[in-house]
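One chain follows as structure tokens, the form predicted alone.
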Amino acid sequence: MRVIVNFQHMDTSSPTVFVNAELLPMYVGRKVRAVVQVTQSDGEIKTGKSTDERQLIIKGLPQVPPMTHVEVIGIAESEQSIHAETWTNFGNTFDTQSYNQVCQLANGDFKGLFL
């Protein structure tokens, strides 16, 4: 079997960095990707627990039930907040430890594989 992959239309001009709350301050003003567990909702502003157990503020996220894990792609507005452009609901069960390890690898020795 032969598989042909066409990356012609893939946008690589602005890669999205994998972050947790600890890494977010390094990328303020840039596009980031993070997974949070929603802990509180106040309209379009959600408070969530990052995969490293720290608190993040997510703006622009639609109504999401508490305790739901969501992956957020957006702009890091500050050291503790992300303005969501897109999001994916990962449900109530998610391996936060593995994702946190991916964040560490993507910002460490294996950074070149992720950007």
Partner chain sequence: MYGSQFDGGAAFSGGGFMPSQTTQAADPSFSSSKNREIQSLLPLTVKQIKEAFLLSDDKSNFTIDGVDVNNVTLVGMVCNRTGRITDVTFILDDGTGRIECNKWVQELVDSNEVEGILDGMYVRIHGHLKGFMGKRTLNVFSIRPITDFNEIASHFIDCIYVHLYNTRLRKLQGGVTTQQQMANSTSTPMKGSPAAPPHQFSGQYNVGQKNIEQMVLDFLQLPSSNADEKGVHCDVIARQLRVSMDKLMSSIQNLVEEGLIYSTTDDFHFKSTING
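Numbering follows the first chain given and starts at 1. Keep in mind the model is a prediction, meaning the values are calculated, not measured.
The next section is about a form of this same protein that is not shown, the form predicted in complex with the partner chain.
In the predicted complex, the partner chain sits within 4.5 Å of a heavy atom of Pro15. Within this chain, Glu71 lines the site of the partner chain in the predicted complex, having a heavy atom no more than 4.5 Å away. Contact between Thr88 and the partner chain in the predicted complex is found at the 4.5 Å heavy atom cutoff. In the predicted complex, the partner chain lies beyond 4.5 angstroms of every heavy atom of every residue of 40-69.
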